[in-house]
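To begin, one chain is listed below as structure tokens, in the form predicted alone.
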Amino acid sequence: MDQIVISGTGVFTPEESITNKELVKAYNTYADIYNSTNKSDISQGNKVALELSSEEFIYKASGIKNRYVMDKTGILDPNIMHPILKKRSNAEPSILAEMSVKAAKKAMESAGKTSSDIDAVITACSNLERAYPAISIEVQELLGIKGFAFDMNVACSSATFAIQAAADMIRSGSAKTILIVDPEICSGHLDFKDRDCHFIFGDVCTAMILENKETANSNNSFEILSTKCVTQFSNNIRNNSGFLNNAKKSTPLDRDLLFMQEGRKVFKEVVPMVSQLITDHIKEEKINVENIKRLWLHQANKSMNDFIGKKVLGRVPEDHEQPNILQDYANTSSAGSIIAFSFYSKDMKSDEIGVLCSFGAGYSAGSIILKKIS
């Protein structure tokens, strides 16, 4: 069987960032204005007063201290509370494609590849900027890549599902070298007026190069030993934004057109689902859990990752065994586990094994077992 490797990764990080302190100040100002404006209705029980947020609340709930964003001005304006992005003409690169190209160039450099070496592009992310043409085809054009390209969306599991799809395509012979990009502007689907979730997401883009082991010349390649994906329908994480909104007479201010979740239910249901997925996957591949040296988990919530890591390893993981980038990047949907992998894989020794795992809306979860080969 062909040995498929991830031979390069790249991360594009936006220039602007928002600390918890900045975010709390903006939200609390908005809440104070709302409570003052609606004082009469609140006193009569017609409306509920908004509870203030705090840095302590955010960190305890998530483990997040900071997030990178494509625009902080609009987010921190109590009268706006969302990013403000310039509308581009059709002749200009879309913002997702622009982010993707920047991350892709880093991944190509780390893999020692040029555009002529790549024959397929997959854009895998939780929110696509438009219905068509595909963002991936635009990325392909901007990079001068021949072959084919397509977009895919499995929410927070988009990147790991794309790895399985790309590996399968390489094994089948439909492509030899594949570029995967994961552009995530999660700040665009977040309700910054909602205390329970205003702190969760950040923006970023990651990229990966997948190819046959024989053609890889990178000094940090990982063989894909096995992939395992699972889905189970749930409404507990949902976003109803789509092309039928106009037909349904939805308005841009409708709350269900942004990220929504039943946090406690998600925690209760997803943690055992993901723990079992990884545990079963390791057993199926006849790998002793003691040989798992690294867990690159989806960066959604520190408590979730701590529980999953303990369940899988049978003990509390050491910091280096389960790297956490949440404190700096927040939840970046499909890109989170790839950031952790990109930043915390170079120190691993030859033949050491790790598990890359994502999980999220759907529910969906993807487990990728990787072995360091160079």
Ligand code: COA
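Numbers follow the displayed sequence, beginning with 1. Not measured: the values here are computed from a predicted model.
Same protein, other form: the form predicted in complex with coenzyme A (COA), not shown, and the subject of what follows.
*With coenzyme A (COA) left out of view, which of 200, 216, 149, 162 would have a heavy atom within 4.5 Å of it in the predicted bound form?*
By the 4.5 Å heavy-atom cutoff, the listed residue in contact is 200.
_Only one of 117, 168, 196, 77 gets a heavy atom within 4.5 Å of coenzyme A (COA) in the predicted bound form. Which one?_
Of the candidates 117, 168, 196, 77, 196 is the one lying within 4.5 Å of coenzyme A (COA) in the predicted bound form.
*Using heavy atoms and a 4.5 Å cut-off, decide whether 263, 267 and 331 all contact coenzyme A (COA) in the predicted bound form.*
Yes, all three are in contact.
*Using a 4.5 Å heavy atom cut-off, which stretch among 93-101, 296-304, 240-248, 280-288 contacts coenzyme A (COA) in the predicted bound form?*
Looking at the other structure, the answer is 296-304.
_Non-hydrogen atom contact residue 259 with coenzyme A (COA) in the predicted bound form at 4.5 angstroms_ = Judged by the heavy-atom cut-off of 4.5 Å, residue 259 is in contact with coenzyme A (COA) in the predicted bound form.
*asked:* Considering non-hydrogen atoms and a 4.5 Å limit, does coenzyme A (COA) approach residue 54 in the predicted bound form?
replied: Residue 54: contacts coenzyme A (COA) in the predicted bound form.
*So in the predicted bound form, does any heavy atom of residue 156 sit within 4.5 Å of coenzyme A (COA)?*
Although coenzyme A (COA) is absent here, residue 156 would touch it in the predicted bound form, with heavy atoms inside 4.5 Å.
*Contact flag, residue 42 vs coenzyme A (COA) in the predicted bound form, heavy atom cut 4.5 Å*: Residue 42 lies outside the contact set for coenzyme A (COA).
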